[in-house]
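Quick heads-up: it's one chain on its own, the form predicted on its own, in structure tokens.
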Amino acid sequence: MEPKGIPLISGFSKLTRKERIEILNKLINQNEDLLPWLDSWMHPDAGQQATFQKFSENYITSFHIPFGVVPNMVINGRHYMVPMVIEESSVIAAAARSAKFWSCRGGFRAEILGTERKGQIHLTWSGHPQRLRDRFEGLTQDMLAATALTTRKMKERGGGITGIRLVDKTAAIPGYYQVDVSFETADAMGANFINTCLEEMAAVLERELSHYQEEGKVEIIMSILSNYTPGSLIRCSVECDIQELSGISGKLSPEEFARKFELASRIAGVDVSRAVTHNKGIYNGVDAVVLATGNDWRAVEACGHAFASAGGSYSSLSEAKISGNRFSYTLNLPIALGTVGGLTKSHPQAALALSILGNPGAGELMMIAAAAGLANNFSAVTALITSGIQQGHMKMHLPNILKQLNATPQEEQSIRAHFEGKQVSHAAVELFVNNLRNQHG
């Protein structure tokens, strides 16, 4: 049966960029040639364009996302200007609001609880489990010897392989075992390093265990790093006297604000529907820093959501507490980032972001990302329990609405004046614009 839609294309990756765009023109029945418009989004500098074009396959043009900075972020007594790349309105404004508020109240306190990365070799063994366990200590030494050349430079930087253990998973899948390998990767995210080590170790397992075929047969299924890194953990917190919350509590008293905030935090801890949105607010800040610095935000999010489910049900990553007259808010964030390798230096804007941060090491960058996440989450919960989330969000979204409605500079001035202090919605702005245009014929 022939698939519906466009016909299958062979060798698409081998086509020139212009040939790919010609196919797209036909696909969307575009009357005008897409090429000039797509060209307009490419970098005017040929050298920079060549760099960007190599980052991904089947390139047709570049997709622009705003790059902004959050001032006044104080972390462990140090002032930062934090770069963030994000397309969502109000995220940077929310982080900046929190940063300024907490900068006068001790700032964000962050600590590294661990920096361990993990990889796994997945295999099957048909023999008796004890036979595999008996031979594993000797195999461990062989595996370490096989990776000596690969790990040499990493060891010089304070990293390397820190642990190897055999995990029996036969209760889940007959004959299935894992070799869990722990790593320290210094300032690198370490994906390529970890995967190289694992493949070298897997080759040893396959070779050495094949000598004992009378006891059982081994099959290597796959060798791959794990993006679940609960051993690479940052704790970030803010704390102040309850009375100091008057600067952000709106119409609520500081005591009422603290009580409602703590209750909102508890709700996110017990209700999955709220917890997902609550944690999304954390990742508004975390992802924006991760993306700005050329790191893998998909891996960071996947790890965090798995960590949030580790207790058997999905829960909040942050927690508010009231103790006497003190209010505190704490985030425990599993995160693995790098400041060398990958895009961190090859992408010029990622390199700029790291430079703005003072060229931090991986641990420091992870603390900065956690602080950005807590800052955004604090602002979001504050808005929810005081004025509501839409008032600030839609005000920041107003420029997008004006662009969609093709507002002129004169119309924009009238619209901003009219909606100052009023609830903003797309429908309300559109109605106002239509009335404005009708009045002027």
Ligand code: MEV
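Quick caveat, the model's predicted, so the values are computed rather than measured. For every residue, the number given is its place in the sequence shown, counted from 1.
The same protein has a further form, the form predicted in complex with the named molecule, not shown here; the description that follows concerns it.
Using heavy atoms and a 4.5 Å limit, would one call H122 a contact residue for the named molecule in the predicted bound form?
No, H122 sits far enough from the named molecule in the predicted bound form that none of its heavy atoms falls within 4.5 Å.
Close approach of A380 to the named molecule in the predicted bound form, 4.5 Å, heavy atom
Heavy-atom contact with the named molecule at 4.5 Å: present for A380.
Consider E88 of the chain shown here, and say whether it contacts the named molecule in the predicted bound form, taking contact as heavy atoms within 4.5 Å.
Within the cut-off, so yes.
Please run the contact check for R274 against the named molecule in the predicted bound form: heavy atoms, 4.5 angstroms, yes or no?
R274: contacts the named molecule in the predicted bound form.
Counting any heavy atom within 4.5 Å as contact, can you tell me which stretch out of 133-141, 276-284, 214-222, 152-160 lines the named molecule in the predicted bound form?
Contact-bearing stretch, as computed: 276-284.
Identify which of L402, L34, L384, M42 has a heavy atom within 4.5 Å of the named molecule in the predicted bound form; exactly one of them does.
Of the listed residues, the single hit is L384.
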